[in-house]
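As structure tokens, one chain now follows by itself in the form predicted on its own.
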Amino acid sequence: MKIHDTFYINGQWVTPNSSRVHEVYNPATNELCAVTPLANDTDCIKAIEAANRALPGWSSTSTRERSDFINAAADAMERRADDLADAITMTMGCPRQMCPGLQVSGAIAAFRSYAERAAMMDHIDQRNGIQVLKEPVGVCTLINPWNYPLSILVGKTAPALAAGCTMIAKPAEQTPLQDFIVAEVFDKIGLPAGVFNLVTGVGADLGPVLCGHDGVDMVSFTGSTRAGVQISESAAPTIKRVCLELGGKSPLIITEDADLDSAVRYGIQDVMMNTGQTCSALTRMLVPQSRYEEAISIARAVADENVVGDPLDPQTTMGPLCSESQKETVVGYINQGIQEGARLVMGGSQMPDGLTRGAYLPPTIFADVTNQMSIAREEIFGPVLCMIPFQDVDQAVQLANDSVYGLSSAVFAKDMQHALEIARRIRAGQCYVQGAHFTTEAPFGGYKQSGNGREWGDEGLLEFIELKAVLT
């Protein structure tokens, strides 16, 4: 069992202001696997003050120095890649044999990519007697979720460091261990005191001070739309910048002339990856009525290839959900879908065969779903797919856009040109065409209630930049 009893503030491991702790449970076994301290307002204010003290010095370092620190941190993370994978598997249940590729190696490579991007801060746009300078936005609160805990942490931390910002990181209470490892990495490489600060605790308790304090210039949050609204409300009185990556209910449009086997397999694999706990998952599969039953048959066969079980078993492709609480939420949606009249093709709320404990659910597919059902409109965040029929492409686009969300989307058509024409009509921050896959080189973020701002790529750095116009 991992026991942490300190926070990382101002370059030191410091004793919390309170003796209260949070117990972390392994979702595969329901056994206690870690204990972390619970911060209070005093701890958070100490971290905010440390970040403010560090800001003048860190923001004035050269981009070469910041680049060197980012590369050094990436090197140190690579040396601790096994520790990072172990931590994520233990606390959120990602299968260990998949965890390095899905949760760790890509995150470290993306972190390193901001070493080169730091030089973007040096570029001065000059026109007609005007100089446009780039400066760091300032002190940033970074609040992260549990589903991709390392990836999303570094997706905020790396551009913030490159821009010259200082920060306070707060991981999800369910998955805090990788943040302690990253703090140890920063400590080992000698990152200046106060540039990175770590506190742990419950978001609802710490959010008001971490997001509302006038010593914080920006909040970057990834999580639920409900929590995003609360964070925006806390930040509003001080008019600070808020970058939100929130929920999704993303559509995959499959045209009548598409390669149906490839398209359905792509959609199933996308939804079931990470046990359905991906905000951009393509959880609404829109299929032409003429090929609907054929698509259902393919979907069932592909989903049935998953091996649900112990995340330490190398044969496992789908582990448990992150917690018993999350499992209960998903079970509630499955039961609601049945009550609403959707056809349960496979799966359901029962424990998969051979398992007697843990937050497990089988791959679940619903057919005969309409866009008015709650399972088609609300984010389930579990291994649940809704298959919705359409008559023509115009109706498919209308169904795709009939959502409060707009985070991601996908199109599978006969050829690239047709797919691109449809992609341009979908109101979402990303669209995956003809089987494309996620890359941290592309900006990521949503329309509508899926949030605002962008992460990853050059655009991820821009979120942490203020522009100053100098007129001569």
Ligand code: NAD
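Keep in mind it's a predicted model, so treat the numbers as computed, not measured. One rule holds for the numbers: they count along the sequence shown, beginning at 1.
The same protein has a further form, the form predicted in complex with this ligand, not shown here; the description that follows concerns it.
S.K.: Could you tell me if all three of Q430, C431 and G460 have a heavy atom no more than 4.5 Å from this ligand in the model of the complex?
M.R.: No, none of Q430, C431 and G460 comes within 4.5 Å of this ligand in the model of the complex.
S.K.: Flag F381 as yes or no: does it have a non-hydrogen atom within 4.5 angstroms of any non-hydrogen atom of this ligand in the model of the complex?
M.R.: Answer yes; at least one heavy atom of F381 falls within 4.5 Å of this ligand in the model of the complex.
S.K.: Can you tell me whether F196 touches this ligand? I mean in the model of the complex, with a 4.5 angstroms heavy atom cut-off.
M.R.: No, F196 is distant from the partner.
S.K.: Examine N144 and determine whether its closest non-hydrogen atom to this ligand in the model of the complex is within 4.5 angstroms.
M.R.: Within the cut-off, so yes.
S.K.: For R284, is any heavy atom within 4.5 Å of this ligand in the model of the complex, or not?
M.R.: It does not: once this ligand is placed as it appears in the model of the complex, R284 has no heavy atom within 4.5 Å of it.
S.K.: Tell me, which of G93, P251, G248, P159 has a heavy atom within 4.5 angstroms of this ligand in the model of the complex?
M.R.: The residue from G93, P251, G248, P159 that makes the contact is G248.
S.K.: To verify the annotation, which of these, D310, D368, D86, E173, has a non-hydrogen atom within 4.5 Å of this ligand in the model of the complex?
M.R.: If I apply the 4.5 Å criterion carefully, the residue I get is E173.
S.K.: Using a 4.5 Å heavy atom cut-off, which of 199-207, 184-192, 385-393, 310-318 contacts this ligand in the model of the complex?
M.R.: Within 4.5 Å of the partner lies stretch 199-207.
S.K.: Output the sequence-ordered list of residues from 215-235 with at least one heavy atom within 4.5 Å of this ligand in the model of the complex.
M.R.: F221, T222, G223, S224, R226, A227, Q230, I231, in sequence order.
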